[in-house]
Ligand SMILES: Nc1nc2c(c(=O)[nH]1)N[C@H]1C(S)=C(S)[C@@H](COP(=O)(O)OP(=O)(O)OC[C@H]3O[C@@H](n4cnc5c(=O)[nH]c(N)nc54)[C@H](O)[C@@H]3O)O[C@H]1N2
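Here's a solo chain for you in C-alpha cells, the form predicted on its own.
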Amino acid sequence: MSSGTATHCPYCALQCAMTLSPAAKPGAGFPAADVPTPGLPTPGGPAASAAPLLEVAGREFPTNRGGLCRKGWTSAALLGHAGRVTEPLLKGSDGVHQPISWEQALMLVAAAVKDSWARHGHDSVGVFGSGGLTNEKAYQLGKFARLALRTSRIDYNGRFCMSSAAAAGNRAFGVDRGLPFPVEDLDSASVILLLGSNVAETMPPFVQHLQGARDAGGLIVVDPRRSATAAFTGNGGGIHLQPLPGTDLALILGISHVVVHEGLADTAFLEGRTNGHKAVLRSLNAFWPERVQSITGVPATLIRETARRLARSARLAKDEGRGGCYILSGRGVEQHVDGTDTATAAINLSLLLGLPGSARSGYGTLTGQGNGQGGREHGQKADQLPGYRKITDPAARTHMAKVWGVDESLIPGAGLPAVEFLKSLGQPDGVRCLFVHGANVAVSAPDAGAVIAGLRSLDFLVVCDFFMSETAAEADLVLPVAQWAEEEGTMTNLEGRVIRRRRALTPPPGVRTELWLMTRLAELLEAPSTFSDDPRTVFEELRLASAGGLADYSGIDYDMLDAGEAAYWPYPAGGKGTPRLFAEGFAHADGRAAMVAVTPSKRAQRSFASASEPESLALATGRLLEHYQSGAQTRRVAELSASQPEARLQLHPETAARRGIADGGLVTVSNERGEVQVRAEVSTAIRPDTVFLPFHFPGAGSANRLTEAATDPISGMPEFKTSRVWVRSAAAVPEPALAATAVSSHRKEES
C-alpha cells in the first residue's frame, strides 16, 4: 500500500477529490465541519471514527475545493468493517449462508447459467447493474451479459435515478450529459432555479457553487418541503416555491407562460437555434399563473416573479456579461410517470430564455450516483451499446461487432427497463437466473415487497457485494468483491469529466474484483471475444468501443488522467475535450435543439383531484444527509447511523393533529401495496397534504413498500414521489420491536 493516494469519494456524482493515507492513529476522528463554505449553514461533522484502516483528507478539486461532507469524511470506515463479506457464501437448505471456495462458486454459477439456458432460453438469465460501478466494470458487464450470458436482459439502478433526465436531454439536445458545463460556471450566477433537488443533504459540497446566486437574492428552489436547500433562500437569499407533489410540470409550464406572454423570451435564439418552438408557444396558452396556482398551490405572484427574475438575469448575462442564469433539475421533478415531460418542460423554459450554450448561462441535471453519468454510457442499459449508442442502430451494432471481434448476429437486441425487468423475475417466460452487481433492489426498487417476492422465486440468484445487503440476504450465492479503495479504474462525474479511481489498499484475502469474476466466468461459459481483469486493458477497449459515439472517450487514456488533465467527453482521438458542450451547436443533425410541447398526463390530473381527499396524503421519498442510496453502506457507519438511527415520517402539525399523532410517536403508513411503521417528525417544513419518508431503511421502515411500480412510458422511470398513502397513529405497537426492525436488520446478517 502506498501512502498519500489521490482518489475520489465513493459516494455521489460530485466525486469530491480526497487523499487516502495509512491511519496513523486509529480512531483519531475526523474534521468537525462538512464543508468550508462561509455564509451557508452546514450540518456539523461526524463524531470520532472507529479505527479506520485509512485516513481521509479533502483534496483540492473544482467540485469540492478541498471540502467533504460527513459521508466522505467517514468513507474509510467501511474498509475494515467487521461485517465485510470476504469469501463466497452459499445458502443452504436451512437458509443459512456458509463459506465455499471460489472454484466451487464459479462452477456453481456456470452450471446454473447453462441449466437456465437449457430449460428456459438465453433470456432467462439476467443482469442488474449499478451507477456506482467504474466505467470499466459497467462496460465489461454489458459485454459479459450480451456475449458470455447471451442475454438481452440487462438493466441497472440508474433507471431509478437519471432515466427521465437522460431521455429528455436526448430528445431536446440529441445528447445526455448531466452538466454540459463545468460546475464552477455556477459560481458567477446571479439566478439559479433549482428544480427538485436537495443538494445541501445529497451532495453538501455543491452548495458553495450556489453562494453567488444566494448573495444576489437569486436562488430559487422548487420543493414541496422546506428542505435544507430551500432554507438557503431565507433572509433575502431567494424564493422557495412549494408545490403539491406531482405538479412540477404544471408549475414549469406556468413560469414559461409568463416568459412568453410578457415578451421575455429570447426570440432570436428560438428562431436561430431551435425547432418546434411555435408549437410549444401555443401549448403554453392554457397555463396562465392563476390556473397554475389552483393546481400547484404556488401563488401566481411568485410564478410571475420567478419568470421575471430568470429573464432579467439571462438578459444581463447575454447583453452585458454580468451574472448568469442557470436552471438545474433533480430527481424531485423527474421521478414521476411524466418525469421525461417534466424535464422536457424545464429544458423548454431554458431554451425560451436562450440559456443552453450561452457563455454565462445554461441548463443541466444533477446526476446522483457516483458514476451515474459513466454508468449510463457504456452498455448496461437495456437498449444501449457503449459510447451511448442505441442497440437498435445497425451502424452501432456493426461497430461493436468489429470491436468485439464477433459476428453481429451474436449481439442480442434490446432488453427490458428495470421495473419491467424486475416484474419478470421468476415468471415462466421471465428471468430465472439473476446476477446483481452493486445494487440493493430489495430496498431501492418501487413496490419493494413484490420485488423481494420475485427474488425469492428465482431458480438461482447471485449477488456480488462487499456487505450482506438486504438483496444479498436473499441470494443463493454471495460473491465478495473489492471496495472502491481496493481497485483501479475511472469514473465520470456529473460534469462529464472522466477521473481516476486509484487503489490505496490491498483487498482482504478471498475478495476478488468484478473484472476478474467476469473474466473467469466468460472462460467457463466459452464466451466469444476476450475479457480482461486488468482495468487499463478494459479501458483501452472501451476507448475503441466509444469512438465515434456521442460519449466518445477515444482520446482519453490513463496517462492523461494521471497527469491531471481535465478530460470532458466527447474527447475524440486526436482532438480535445469538451467542457462546454453546446457552445457551437446541439447534437442533432441540423445543430438545433428540438422543443417538444408537453402537458400533464391524465394520470397526473387524477393525482391533482385525489389530493383533495381528506384522509389521503401524497408520499414523497428522498435522501437524508447521513445516507446514500439504499443505505447498504452508510447504515453500517456508526457515526452516520447514530445521527439517523431510524426512519421518520415528516408531516405537518395540522396533519398530525387531525390524526392524534405526537412528535416522536409511532405511526402506520399504508396503501394497497404495503404498510410501514415509523416514528413521526412533526414539522412546518412540509405541506399539510404531503408526507416525506427517506427510502434508505429496510424492513418495517422501508418506504418503497409503498411506492408504485408505474413508470414513465418514455424513460421507464418509476413513480417515486406521489404515491397516495394513509397515515394513522400506531402507539400500540411496542417500541423495541419497531426500533429493532428499522435500525438493526442489517446487523442480524453480520452476526
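None of the values given here were measured: they were computed from a predicted structure. In this text, residue numbers run from 1 along the sequence as written.
Heads up, the form predicted in complex with this ligand isn't pictured, but that's what we're talking about next.
Partner absent here, but in the predicted complex, which of 96-104, 305-313, 215-223, 536-544 has residues with a heavy atom within 4.5 Å of this ligand?
Of the options given, it is 215-223.
Would you say all of Lys137, Gly196 and Asp465 touch this ligand in the predicted complex, counting a heavy atom within 4.5 Å as a touch?
All three within 4.5 Å in the predicted complex.
So, Leu20 and this ligand: in the predicted complex, are they within 4.5 Å at any heavy atom pair?
Taking the distances in the predicted complex, the answer for Leu20 is no, it never comes within 4.5 Å of this ligand.
Heavy atoms within 4.5 Å of this ligand in the predicted complex: does Phe695 have any?
Result yes; Phe695 sits at the interface with this ligand in the predicted complex.
Does Leu625 reach this ligand in the predicted complex if we count a contact as any heavy atom within 4.5 Å?
The answer is yes: Leu625 has a heavy atom within 4.5 Å of this ligand.
So, in the predicted complex, is Gln335 in contact with this ligand at a 4.5 angstroms heavy atom limit?
Judged by the heavy-atom cut-off of 4.5 Å, Gln335 is in contact with this ligand in the predicted complex.
Have a look at Phe435, Tyr363, Phe206, Phe160 for me and say which one sits with a heavy atom within 4.5 Å of this ligand in the predicted complex.
None of the other options qualify; the answer is Phe160.
Which residue, Gln633, Thr340, Asn493, Ser75, is the contact with this ligand in the predicted complex, using a 4.5 Å heavy atom cutoff?
Partner contact (heavy atom, 4.5 Å) among the options: Gln633.
Can you tell me which residues in 354-371 come within 4.5 angstroms of this ligand in the predicted complex, by heavy atoms?
The stretch touches the partner through Gly368, Gln369.
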